[in-house]
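This document starts with one chain, in the form predicted alone, laid out as structure tokens.
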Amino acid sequence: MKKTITLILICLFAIKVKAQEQIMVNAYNRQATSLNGYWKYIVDPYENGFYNYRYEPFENQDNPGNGAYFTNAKRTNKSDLIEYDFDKMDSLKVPGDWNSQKENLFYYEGTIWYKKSFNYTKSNDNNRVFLYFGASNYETDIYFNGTKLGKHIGGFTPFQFEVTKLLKDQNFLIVKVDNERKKDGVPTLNTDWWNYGGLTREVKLVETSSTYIADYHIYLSNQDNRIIKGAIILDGKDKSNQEITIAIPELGVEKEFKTDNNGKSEFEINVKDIQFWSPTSPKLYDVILSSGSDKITDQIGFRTIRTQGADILLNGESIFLKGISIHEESPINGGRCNSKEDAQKLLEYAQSLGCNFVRLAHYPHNEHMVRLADQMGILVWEENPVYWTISWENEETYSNAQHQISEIIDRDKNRASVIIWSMANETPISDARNNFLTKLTTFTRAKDPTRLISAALELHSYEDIPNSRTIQDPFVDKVDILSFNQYIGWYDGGIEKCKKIKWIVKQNKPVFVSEFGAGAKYGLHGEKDERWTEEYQEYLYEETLKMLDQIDQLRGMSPWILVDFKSPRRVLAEIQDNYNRKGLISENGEKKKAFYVLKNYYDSNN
């Protein structure tokens, strides 16, 4: 008995160990072997997988811990006690959430163990192989051929582990995914969207040279738009003093640089006749990076973004952000978006509305969204899931938030469409919150100084002036754009109140209204003062747009929201039915009357 207890404790201790994750920029464009498809799974609400073991003397195990959790153990003789068998279980499709695939898992929050078996042979004996996950919600433990690779926390960002030394001809992968909401998590317990669990984005094996291009950031200088700046980082035993070539054929660029002792090379390249990326001309250049036998190509647009007083300047010219907020819910099949087709349909909806901008709320969306935004000429706000009442004083919560913003910057820093990193959404003011967000902003600016910083803030009354609205948040000093959510006419009085509001904005910065809106069920009609009707939503949009036009510094907006989306908070029968109904488009793709109000407004603001 003592030996089995020791074995269990070893396994539980291993849960806390996090292996070193490698950075791999542009896994999207690298040749890879997909592990997508159907995976076997075991539902485990009691965390039984950490205890369901066969007894085997510890000293006789070649791989300590083998069989002490769901590691695909098999009976070797008739007396073995193994109380599970992945191969006899049902299957889930990867990528995909479990909630929308299985009716009995619709509301499920907890642990599911996934298992995938596959064969693999490297194309070159000296190559390295990485196991890449696009995202997994929320807490993920990864076991490869019985060895734990590590743990990843966060539901919306990519991660990868090297498996070169563990790889065999025949392999099995066990992944424990737990989507339980936690008070100290990011996001925390209380949200207003569906908590989709599972391996929600692609899983694949990426094979590279022994020394490979691990990271790079290539962009147009904000100070001089005739200079392309950047840095490239190699990883491997031979990363020092190596030659790197960067080529941009359309610009006649082919330059060679040497890495330093850390495998890094920083560079500046003078260019002429460059076509700047913009919504009206989303020009992308093939950028080819090579070092030794490693070669990758990316499609990169070159543009500058900054603010000057109340203006947002794209390529030195003022731009009005005609936006809409979007949740990552599939307009095709329901559930969490994971395909290029999902992303394309959502962005086409936005373009049909007249948008040049989308706010990806309230967490990082899949990479198809920003890649397609690059191609389609749509500017993007990306948001860290610091939402409502985070545990501001918890150091692990802060580390979690910092890690998530770091991972999404790693993935998307070369996307021209991405112009704003958002730190948070609707977070009540406190000293602890101010310190948390200030620290997060400092980190973000240091990691990527080429983009703007914002956050979706809340409004307040101005002193004793009736019906006044202003931004009295100390965090406004840290951001480049003053963004706020307002729901006058829905949560704050009736629609007629819009006519009475007086805006008082003291800061000389661009103002961006990150949310406004009203719920309406498609096809439900009535008087314009009757909530939940299309007429009410239409009237609110008409009056809100008139009201917001009073703000001199107004430089854009992203009303809430493009498409109706699932939320367990929304329980009004026959109206909500587990949907937030503030969409301008129903979950079935039907456009509500307010859609055309906003479209007309955007079309008149060219």
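Bear in mind that the values here come from a model prediction, so they are computed numbers and not experimental data. All residue numbers are counted from 1 along the displayed sequence.
The form predicted together with a small molecule is left out here; the points below concern that form.
- Though the partner is left out of this view, Lys592 does not reach within 4.5 Å of the small molecule in the model of the complex, counting heavy atoms only.
- Among heavy atoms of Thr157, none comes within 4.5 Å of the small molecule in the model of the complex.
- Contact check for Asn485: a heavy atom falls within 4.5 Å of the small molecule in the model of the complex.
- The closest heavy atom approach of Asp192 to the small molecule in the model of the complex falls within 4.5 Å.
- The stretch from 535-543, 549-557, 563-571, 37-45 that comes within 4.5 Å of the small molecule in the model of the complex, counting heavy atoms only, is 563-571.
- Proximity to the small molecule in the model of the complex, defined as a heavy atom within 4.5 Å, holds among Asp480, Glu515, Glu139, Asp311 only for Glu515.
- Checking Arg411, Arg201, Arg303, His362 against the small molecule in the model of the complex, a heavy atom within 4.5 Å turns up for just one residue: His362.
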